[in-house]
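Taking the form predicted on its own, here's one chain by itself in structure tokens.
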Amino acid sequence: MSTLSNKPIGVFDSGYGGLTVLKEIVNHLPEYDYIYFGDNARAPYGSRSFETVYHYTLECVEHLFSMGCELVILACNTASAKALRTIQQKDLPIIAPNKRVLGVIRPTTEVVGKHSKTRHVGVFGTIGTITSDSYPIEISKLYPQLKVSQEACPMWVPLVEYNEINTLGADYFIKTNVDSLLSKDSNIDTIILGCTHYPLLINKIQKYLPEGITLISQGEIVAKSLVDYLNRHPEMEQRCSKQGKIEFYTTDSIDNFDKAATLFFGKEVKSKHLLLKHT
């Protein structure tokens, strides 16, 4: 269990990608305590069923609650797409009515309309995120005039996690998916990177995009949204402890996690192992 006193902010992801979000959150809110929890033993979530993602995510959220977290960020698009709403509406009122779980999709959709001039938007994501239609649904609520086209990129997460970013294979899969998305709508001028792994591929993605297309990366957006949330909810802000400490947990090998996590987080990471009953 966590050695942090009081109430750290929990940041959850199925693997490493959420560390790109945590990095930006810490940059904006360095005084708070954080626990990062990666369910690497069961990753990736992207191709798993809604029911499986929901159960895995809920189990991990409950663990973070048991470690003192009052507020948990699902820094994972698949978990946000497939589990967040059910956890918020069905589970929290029963298991933890005073605690909160937030996701990454809503903050991203809130800003997309400010970027697109053509009103044509694209989304790159995992199979799970794309098939959930979470982005088109949320965007239509806020910006009904936007046209949204999507592209599932099942190879992009493995390319990152197996450190194959700078290979010809990476170029092939990225170009294939970029071309496929733009063939669906040549008027796209803004693309959401709907997976927290994708910022590590941003240079390769831009290489195959025409000039003038804006890529939206989630880390800073989610961080600014959290700042706003804490300002609007002082009762939650006051419950979050502030010692500037961060702890990292993984359900898989700590050696493998620490090596890969350092790439995503930009600093050395020292994790602890956490065993889940269904791992």
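What you are looking at is a predicted structure, and each value in this text was computed from that prediction instead of being measured. In this text, residue numbers run from 1 along the sequence as written.
As for the form predicted in complex with ligand DGL, it is not shown, yet the points below apply to it.
Between 86-94, 193-201, 111-119, 142-150, the stretch whose residues reach within 4.5 angstroms of ligand DGL in the predicted bound form through a non-hydrogen atom is 193-201. Only one of Val157, Leu71, Ile130, Ile174 comes within 4.5 Å of ligand DGL in the predicted bound form through a heavy atom, and that residue is Val157.
Not displayed here, ligand DGL is approached by Gly46 to within 4.5 Å at the level of heavy atoms in the predicted bound form.
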